[in-house]
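So this first bit is one chain, no partners, the form predicted alone, shown in structure tokens.
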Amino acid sequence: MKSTITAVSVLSIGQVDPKIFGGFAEHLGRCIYEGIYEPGSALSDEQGYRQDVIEAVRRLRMPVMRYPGGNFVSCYDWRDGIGPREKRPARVDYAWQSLETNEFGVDEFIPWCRKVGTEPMLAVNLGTLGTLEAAHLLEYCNLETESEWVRRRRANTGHEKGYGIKLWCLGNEMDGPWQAGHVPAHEYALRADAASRMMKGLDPSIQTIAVGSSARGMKTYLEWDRQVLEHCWDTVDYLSAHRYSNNSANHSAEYLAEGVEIDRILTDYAGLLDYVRGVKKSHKRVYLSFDEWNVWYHSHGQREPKQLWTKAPHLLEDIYNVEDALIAAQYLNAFIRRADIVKIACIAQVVNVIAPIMTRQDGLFLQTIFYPFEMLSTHARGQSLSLSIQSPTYSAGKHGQVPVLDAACTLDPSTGRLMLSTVNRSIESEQVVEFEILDRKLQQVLFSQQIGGTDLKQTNSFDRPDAVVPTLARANIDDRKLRLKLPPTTHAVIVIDTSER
């Protein structure tokens, strides 16, 4: 089986924003407690942060980290999580039927971000709270005046200067009936517009993210988004989108074509953003923040009554396999291909809860989905190139006939380095992939790794942490072309040094 890819350096889709490699940490299950934060652990530092988790997250090079939710944020009062810990109230969490002790809040999250090397992306509660509470949180975090909330920050943390948080999510999944404070689109749009205006009035340097549809399957999909955009266009900078993929039907051929569905969603949003921009007769652009994405189905329904209303219950602890890693790669390939509209994306989540990193008291292991993310966040730089791909197709169930090859490519003009990311969706056949960039010379392969295998259900675990890890990809340059032998159900990342012809 053979596929060919042709590119030209001047045919660029857009600049790849590093923020597409963002993360997400929610007060859910063991993401915060026993994940990020575990005071008293031999693996934690003096502030209670798990040092092994910090090192693992650093490897993922996440420029932004969304917090504190997620569904959690819509019934969360940020004021419960500041000040002396012994005075912080414990609250029941409506979203996940857990107990939130508030030992960890914004003043713990931001220093953790600084240690990791990421920037906080804070979500405000527009479900059960509103504009004033959101503005007060921004005041607490960013301002440097003599107001009450700034005084409290200084008293609580000693931080004279503000934290300088630039990205703010205006609620979470407000289109969903499951969301605390759920309202129709027009009412949410009023809330989001008011909050964005007031917050930007306090700090004009920030950017805000309005809530879009939480899933393509929602009855209000795109219509919700249209109403929100038309009302909030002048005051927001991004619209959010969410998607979780699953193979609950155990139809691997269909599941491996998930990238086609992701592409359709991005095409939908590209059209909507252009439509509203046209209706508004606006020179401004609003971009997409795909701030929740991942595979999620292994843990559905796994909850015992004794876990209700407890601290850090074991929830949503999916263990990922080979085919899940290929889906993660396809999400990232799709975001790179639509670099013109996707400027932020956040894998949900980073630790223990549908996450690439799993911990227990004595250590951690890295899940299969960790490695495609690490390879791409490390090497995808510069411009996303438009690709001409000639690939065989296969029958992918409800998706119909789908190309066997999924690919994305970037070129960094400052270094001449080209990154090619390819996924072989075929369960049975190896692919020989030939790649050529017509106006540049391929000099040398600098990096070539792949992850995958024919055992699609193979996972990593504490007992076998290296069962699925990257191996050397078979790539070489011959006659001005890259030739890659891509095994069945495998993701490969190749980095090549190039020069002008």
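Bear in mind the structure is a predicted one, so any value in this text is a computation, not a measurement. Heads up: residue numbers just count along the shown sequence, starting at 1.
Keep in mind that the form predicted together with a small molecule is missing from the display, and what follows is about it.
Trainee: When the small molecule is placed as it is in the predicted complex, are C31, E100 and W309 each within 4.5 Å of it, taking any non-hydrogen atom of the residue?
Mentor: Spot residues vs the small molecule: no contact at all.
Trainee: Would you mind picking the one in W112, F373, F335, W96 that has a heavy atom within 4.5 Å of the small molecule in the predicted complex?
Mentor: Contact check passes for W96.
Trainee: Which one, D318, E258, E173, E323, lies within 4.5 Å of the small molecule in the predicted complex by heavy atoms?
Mentor: Partner contact (heavy atom, 4.5 Å) among the options: E173.
Trainee: Counting any heavy atom within 4.5 Å as contact, can you tell me which stretch out of 342-350, 185-193, 414-422, 384-392 lines the small molecule in the predicted complex?
Mentor: Selected stretch: 342-350.
Trainee: Does E292 make contact with the small molecule in the predicted complex, using a 4.5 Å heavy atom cut-off?
Mentor: Close contact exists here: in the predicted complex, E292 approaches the small molecule to within 4.5 Å, heavy atoms only.
Trainee: Does any part of I354 reach within 4.5 Å of the small molecule in the predicted complex? Heavy atoms only, please.
Mentor: It does: once the small molecule is placed as it appears in the predicted complex, I354 has a heavy atom within 4.5 Å of it.
Trainee: Is there a non-hydrogen atom of G70 within 4.5 angstroms of a non-hydrogen atom of the small molecule in the predicted complex?
Mentor: Heavy-atom contact with the small molecule at 4.5 Å: present for G70.
Trainee: In the predicted complex, does W296 come within 4.5 Å of the small molecule, counting heavy atoms only?
Mentor: Yes - in the predicted complex, heavy atoms of W296 and the small molecule come within 4.5 Å of each other.
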